[in-house]
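Below sits a lone chain in structure tokens, taken as the form predicted on its own.
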Amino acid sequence: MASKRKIVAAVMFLLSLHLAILLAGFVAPYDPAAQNRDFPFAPPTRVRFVDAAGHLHARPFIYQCVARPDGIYEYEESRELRYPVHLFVVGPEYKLVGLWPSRVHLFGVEAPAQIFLAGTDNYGRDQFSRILYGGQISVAAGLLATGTSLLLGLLIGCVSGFYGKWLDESAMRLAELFLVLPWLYLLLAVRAFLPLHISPTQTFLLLVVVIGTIGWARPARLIRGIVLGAKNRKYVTASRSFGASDYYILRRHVLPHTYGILLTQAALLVPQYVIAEVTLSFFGLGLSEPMPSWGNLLANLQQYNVLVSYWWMFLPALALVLVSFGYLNVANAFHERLQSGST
């Protein structure tokens, strides 16, 4: 019961993160590509409940951010007026989950004030909006690459374990080769060898294929072990004696044993592949500006003055940590569930 509650809690936390990323256009107050050259490197806006006079307010509010006349990239709050934070406001147009046009945003403030929950970058673009939109790219790349790896691992592991002989020998030697290769350097080398000047869609698909095809070996070995044990069960032998085909035996009696391993491996691989996409984009080998991804958002930290002066530019890394933490918790909960079920 405890392991089941842990799985539910971990999955709910992960779903809430993915829902915020999926509904980025609704949750984000601004267009991620919209530039506001009056506010480069503006710090995160402080949301308040207590005003300058010490009065408590039920509705959260902000003060307008204004540039200091005697400083560069220095700002202060103008406390003359309060700007309440409103829910379900009309703002820049976007497509909800990429399909339906809408202008309704979860929150916002009235002009001329602007709310920058995670500050702005060097072009005055809202970091909070860019983190949410960037998560769509980075997390989608991780999910699709994981699906690619697991599909290859399932296919190779099942064929290798079920039929054995030279197929098993060849597949496992190839898997061992992929396991000992330094995947990060291999990933960088393969991506650097491929064309750089291609469309964003082609770049995204290329990232998914490159990342996904490198990590199939470990799932394949695990699935092979499950198949080796399952194919010698008595009910499999009975099915074969009744004339059942190999496809029927695999689908009905063997593959169900692999589902737990597949779920655990998926929860482990997604954060690894998200980090792989972030790494490639950080080094300029993934999606480039103006398309946001967590990797090219963090690439701003390659400039020393940004690294030491603007702490909010690290916030995309916090989003990466939260997603990785959620998936690793799910993987740990599934692993405990599998262990308790086998005892």
Partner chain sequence: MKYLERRVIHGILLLIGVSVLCFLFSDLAPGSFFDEMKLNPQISSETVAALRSQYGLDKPLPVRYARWVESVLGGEWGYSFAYNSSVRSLLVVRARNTLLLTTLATLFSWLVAVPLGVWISNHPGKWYDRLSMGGTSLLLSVPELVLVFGLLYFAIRTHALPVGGMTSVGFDQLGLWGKTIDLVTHLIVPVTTLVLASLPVLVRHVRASMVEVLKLPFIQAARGHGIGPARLLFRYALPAAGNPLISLFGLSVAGLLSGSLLVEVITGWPGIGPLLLEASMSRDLYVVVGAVMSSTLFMVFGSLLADVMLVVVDPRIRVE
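Small disclaimer: the values here were computed from a predicted structure and weren't measured. Numbering follows the first chain given and starts at 1.
Quick note: we don't show the form predicted together with its partner chain, though the next part is all about it.
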query: Candidate spot 12, 98 and 118, all three touching its partner chain in the predicted complex (heavy atom, 4.5 Å); finding: no
query: Close approach of residue 279 to its partner chain in the predicted complex, 4.5 Å, heavy atom; finding: yes
query: Close approach of residue 177 to its partner chain in the predicted complex, 4.5 Å, heavy atom; finding: yes
query: Heavy atom of residue 166 within 4.5 Å of its partner chain in the predicted complex; finding: no
query: Residue contact check: residue 302 to its partner chain in the predicted complex, 4.5 Å heavy atom; finding: yes
query: In the predicted complex, the one of 263, 190, 85, 152 near its partner chain [non-hydrogen atom within 4.5 angstroms]; finding: 190
query: Single option in 52, 307, 34, 66 placed near its partner chain in the predicted complex, where near means a heavy atom within 4.5 Å; finding: 307
query: Candidate stretches 68-76, 154-162, 179-187, 139-147, one within 4.5 Å of its partner chain in the predicted complex by heavy atom; finding: 179-187
